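Okay, here we've got a single chain as structure tokens, the form predicted on its own, with questions on binding and movement later.
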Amino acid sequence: MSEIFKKHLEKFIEINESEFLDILAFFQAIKVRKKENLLVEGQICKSHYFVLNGCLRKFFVNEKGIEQTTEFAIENWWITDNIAFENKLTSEFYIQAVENSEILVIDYLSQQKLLIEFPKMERYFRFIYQRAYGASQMRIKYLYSFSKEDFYHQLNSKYPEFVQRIPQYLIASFLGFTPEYLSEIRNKKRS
């Protein structure tokens, strides 16, 4: 599994085997079961998660008691509550396994030490945050530019494997509508 992380790092930075093993020592590899929470609203967010295998999601519970998914992380993606993690605050989010998953976990202090010991990891995380920010910008654009139906079709056309992989009620939660409405949209397309 560590080979997955090494290949991912090599997309952004040059790294030899010795450096990689030293970098890997800053992380803890864990397995999480489907529906297991890694972070719960009200907890201090202490960790940053890298998905080796599986899928995680970040969500909050709105004032009506409905879960609203804001982000997914599949293989080679990172996830955390960035504001709470960087500022050592309590989180307003949950992070939960959508599937049985294998992940790498790094806590805040370990990440700070990693960045000092391996400055090239600063470059790596800059690329990662830039990509995440870009994805967030596009999601906001889609929310404002497309009807809910068009937003679903956009997601389905760009990421069909993802839409097939993730339970439909979670896709609906991510897109901001009910599972019933998503079923209507999907049935309309089949007609």
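The first residue of the sequence shown is number 1, and the count goes up from there. Source: prediction; values computed, not measured.
One more form of this protein should be noted, the form predicted together with a further copy of the same chain, which is absent from this view; the next part is about it.
Chemist: Okay, which stretch from 32-40, 49-57, 145-153, 161-169 lines a further copy of the same chain in the predicted bound form, with non-hydrogen atoms inside 4.5 Å?
Modeler: Of the stretches listed, the one contacting the partner is 145-153.
Chemist: In the predicted bound form, which of the listed residues (S110, N82, N76, N100) lies with a heavy atom within 4.5 Å of a further copy of the same chain?
Modeler: Selected residue: N82.
Chemist: Would you classify I66 as touching a further copy of the same chain in the predicted bound form, given a 4.5 Å non-hydrogen atom cut-off?
Modeler: Looking in the predicted bound form, residue contacts with a further copy of the same chain do not include I66, since no heavy atom lies within 4.5 Å.
Chemist: Does I116 reach a further copy of the same chain in the predicted bound form if we count a contact as any heavy atom within 4.5 Å?
Modeler: Residue-level check for I116: yes, a contact with a further copy of the same chain.
Chemist: Report whether the minimum heavy atom distance between I44 and a further copy of the same chain in the predicted bound form is within 4.5 Å.
Modeler: Answer no; every heavy atom of I44 is more than 4.5 Å from a further copy of the same chain in the predicted bound form.
Chemist: Q137 versus a further copy of the same chain, in the predicted bound form: is there a non-hydrogen atom within 4.5 Å?
Modeler: Yes, Q137 lies within 4.5 Å of a further copy of the same chain in the predicted bound form.
Chemist: Of 116-141, which residues get within 4.5 Å of a further copy of the same chain in the predicted bound form if you count heavy atoms?
Modeler: I116, E122, R123, F125, R126, Y129, Q130, A132, Y133, G134, A135, S136, Q137, M138, R139, I140, K141 sit within 4.5 Å of the partner.
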